[in-house]
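Heads up, the chain below is alone and in the form predicted on its own; it's given as structure tokens.
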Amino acid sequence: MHAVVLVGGFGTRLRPLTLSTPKPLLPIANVRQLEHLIAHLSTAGVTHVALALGFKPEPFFEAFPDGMCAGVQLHYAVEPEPLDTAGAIAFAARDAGITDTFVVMNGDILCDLDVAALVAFHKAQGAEGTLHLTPVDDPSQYGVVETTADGKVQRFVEKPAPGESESNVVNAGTYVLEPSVIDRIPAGEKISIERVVFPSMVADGTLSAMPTDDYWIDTGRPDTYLKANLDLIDGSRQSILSSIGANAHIDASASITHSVIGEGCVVGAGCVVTDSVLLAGSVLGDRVRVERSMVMGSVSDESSLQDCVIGAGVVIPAGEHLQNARVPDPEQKS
């Protein structure tokens, strides 16, 4: 079975981390997010994945030089220009020669969905397309999906006001599609699958949806990216991974609590690291305190970070105390 994974975004919400690394290649508990995602797809029988690429395709080529990821064959479909979600899916599917039922997955989610069950539901429905739905606490912040009792999508309601919709489930970013969906999308056109293609399928009565209450997270914001890392080391997920990467040097006097330490990191004497992620190669000097933060660069002696995101190549000076900061500031014009 084939799958298309959408990995062509700019990763704006996760800057400055994504200024140096595309979002799907950022590690989650020391394993690239894309590897988590493709390994998960492989459990459902996916053998070929077309990566819908646009922004910064070269790092993907370099990350998987043999064209394999988690035992799955990769196909690189590089858009000549941004084509939005439907355009990207159709371009990748055509480029990869997909002619049978296939799976689509957004590249910035992690979930424990049984993808094989979603495929089986899709086929039992005889649907042209099937969405995975997940519940949310506050539907007014999302676009909810309303379905019939037998799983047919009736309508989409964007950010419903109280009482406007009884639904509390949203599009979770994994789909099963028939090749006929590709025919709905003119080649080379910039089209949204959520706003254009899916509503047209609802009108034709060919779109189904399956809600589940599995673990699901959008990793595209600093807070959710941090949570996704910590969930994989503290038992919140079905899998539990190591929190310490290879060749990391942690001084014996340092205190590490509920945190991920990346490959090749250096943590100096007397450091305290809590609820944080140190990405590969980051360095903490002596007596540095890091809380609820993510670090790619270096933090000098006697400094502290609270709720911060520190990008690659940054050196935080000695004695600096930062709260709720992003360095470099993604809003600052260069």
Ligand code: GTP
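All residue numbers refer to positions in the sequence shown, first residue = 1. Everything numeric here is computed off the predicted structure, so don't read it as measured data.
The following text describes the form predicted together with ligand GTP, which does not appear among the structures shown.
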Note to self: Whether P82 contacts ligand GTP in the predicted complex should be assessed with a 4.5 Å heavy atom distance threshold; does it?
What the structure shows: yes
- Query: in the predicted complex, does L34 have a heavy atom within 4.5 Å of ligand GTP?
  - Reply: no
Would S259 show up as a contact with ligand GTP in the predicted complex if we use heavy atoms at 4.5 Å? no
Hey, in the predicted complex, is G107 touching ligand GTP, heavy atoms inside 4.5 Å? yes
With a 4.5 Å heavy atom cut-off to ligand GTP in the predicted complex, the contacting stretch among 50-58, 262-270, 301-309, 277-285 is 50-58
Students should find that, of A88, A209, L177, A172, the residue having a non-hydrogen atom no more than 4.5 angstroms from ligand GTP in the predicted complex is A88
